[in-house]
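Only one chain is included here, represented as structure tokens and corresponding to the form predicted on its own.
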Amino acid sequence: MHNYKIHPWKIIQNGWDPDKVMESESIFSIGNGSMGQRANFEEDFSGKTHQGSYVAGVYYPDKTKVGWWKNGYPKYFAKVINAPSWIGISVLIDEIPIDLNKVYKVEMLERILDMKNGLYERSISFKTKDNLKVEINSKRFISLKRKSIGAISYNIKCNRDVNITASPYIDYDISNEDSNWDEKFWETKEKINTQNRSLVKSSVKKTDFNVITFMKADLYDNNVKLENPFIAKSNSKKILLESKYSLKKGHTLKVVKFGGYVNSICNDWNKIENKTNEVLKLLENMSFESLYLEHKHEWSKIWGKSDVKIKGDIKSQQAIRFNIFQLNQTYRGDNPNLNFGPKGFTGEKYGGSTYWDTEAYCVPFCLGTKPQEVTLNLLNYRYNQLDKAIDNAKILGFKNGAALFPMVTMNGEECHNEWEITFEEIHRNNAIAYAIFNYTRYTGDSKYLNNKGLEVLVGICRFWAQRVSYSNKKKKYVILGVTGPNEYENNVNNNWYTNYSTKWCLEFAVDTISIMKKDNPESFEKLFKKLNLKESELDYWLKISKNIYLNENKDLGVFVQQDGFFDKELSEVEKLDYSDRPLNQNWSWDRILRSPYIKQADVLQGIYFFEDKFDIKSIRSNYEFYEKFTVHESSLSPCIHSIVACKLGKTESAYYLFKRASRLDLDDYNKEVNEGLHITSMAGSWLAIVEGFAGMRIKNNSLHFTPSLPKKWEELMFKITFRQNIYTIKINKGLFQCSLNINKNFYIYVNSKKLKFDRNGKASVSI
């Protein structure tokens, strides 16, 4: 594990360890919501590396690979494609290739991720066997302003006169490490390479995705631009611009390279090429510095709304900014066809563009830090895929418009091929319903709910009406053969979270329809006609919700995670040997399934979502019981436990869990950061601060706060966008302060006390 220097705005790595390169490639990844890349070296590297460049929304339908086919399996696993790479700059000094895996002695290596300004910088110095000392400094960013453009400034200095061959290139011989059948996903259509125009036209096999990868390069000696320094060349894997140059001792040779992607789901290459030419023409009048200045300005606007400031704990400060930074690099919210990928642009693992993580974790983050149109795009993403959700359910035998949204998807089709997840982790439907509810209560805008959301809810409720079974023994409706959020229990009966969230979902849908019938009878009639709804359906949904089986252990005062949980040997986590962790890397799956250990919040996930439905005694007993068995080996777990712990006044326990959530990747708790970052769970660390330590809730159309800061924190400050207003919250040990930008008749509640704002838009109270 790398020990990154603790800094409030930067991730800094010092020292060279060739075995840790892949971890650093993940941590220092950059992106702009439309494209991104791991922090691979520009120069050649023969050591362990995971080359990764990605274009948002572009995927390959990799044929499913299973032992034998089960009815209902998806035909493919959508793979986020490793795209042609534009970042490479091959360097030869006196005809010897620069490769950090082969050089004689690396004297210094430093990486810096400047999160405030969105800049990745790397500095190295090394000596060769003939005592040549080389210093390289590179700076790189992917423009937030220009979605198609990334930029590199690559500087070389030597301690004697040398002959340098510098060759910026595009590598189009690319493959995915996670390809099921070891096939390449791209087909190269055409290569164009001249002094001023270098591009590769590529098509994704089996799809209509067409992408042009482009580059443009300039060469400088001590900041003096060289005229026509390159000769265009190519081989079977690359197109490149080669320059041979005699560099004087102490001079700096600088390669400025621009590159990126222009893509379109169409077969009109002329259209895509025209767009690319427009980008290249723009770059003729742009410099690295001018692009960077406008890029910095975009980041300043993001931080102006989403920054979280923590005084007294730099380690936590660094962590939360790292998470907010990565979330904003992954998803900008301006394209309803895109979503939060679980690895973003940092790796290939998981495939797909979206999981239920988006609705459960990322939607609240977007509601609090962005205009409501961003969350609306996330909801429309699901609405636009409703027909395919109905098709997904049909494949499994459901009828009458029942909808099962996919566990993993790129276009609405299910593309996850583990049976215990694909067929059984069906609680995902309820997270989507909850996001509709959450958006409506947060924004006060019911237009989406009434115009689109209800159609989604009806499809989901029709699924549950067919998925439940009636148990004559229990005289209750049961849900059999499921996997809850805790994926360390597969194919169980009556997972409490699944059953309870289904009860809530059915009630929410019926209540919403009843309100529409009363307040807007015309819309009600139109909806009933469009969906062929019947009153008898609604009656059945209510019957299920009132009679669904919710297992309790009344002696312990806890909800039973699933029917077989108390048949297990209930050995607590503290008795596990440290060498066994994480379990999924050290135990057989059979052993995990028989154990009592919980991968992630399950019962507590339900308590978190539906907190108002439970009294404090019940919340406490469930937290104190289940925390003893939870190993938190899902990235989505610690943040939920942290929020519930704050609710119970267990602030220091909450702080420990927050540290685990917020520094999951920086400290590599799960020993897998080399595969990429846990992007969606990063929103959970924001939730742990805002809903945990600040205690923010939405009740009766108002903001409520019950703050409880960790001992280490001297002050917490953040902004919340709520009902078209921006609230600035400042909390220290004795005072809660709030100001807002629009001074109307607003008020908030702190520890149940109503606070009105003065004429300057300020309010405060002692805590």
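We number the residues from 1 along the sequence you see. Since the structure is predicted, the reported quantities are computational estimates derived from the model, not experimental observations.
Not on display, but discussed next: the form predicted together with ligand BGC.
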| Does the 4.5 Å heavy atom contact test between Lys599 and ligand BGC in the predicted bound form come out positive? | yes
| request: Answer for Asp357 alone: is it within 4.5 Å of ligand BGC in the predicted bound form, judged on heavy atom distances? | output: yes
| Is Pro342 one of the residues lying within 4.5 Å of ligand BGC in the predicted bound form, judged by heavy atom distances? | yes
| request: Tell me, yes or no, whether Thr375 is in contact with ligand BGC in the predicted bound form, where a contact means a heavy atom of each within 4.5 Å. | output: no
| task | Look at the stretches 659-667, 633-641, 383-391, 74-82 and give the one with heavy atoms within 4.5 Å of ligand BGC in the predicted bound form. | result | 633-641
| said: Suppose contact means a heavy atom within 4.5 Å; in the predicted bound form, does that hold for all of Tyr350, Met407 and Thr680 with ligand BGC? | reply: yes
| said: Please tell me which of Glu675, Glu487, Glu418, Glu424 lies within 4.5 Å of ligand BGC in the predicted bound form, judged by heavy atoms. | reply: Glu487
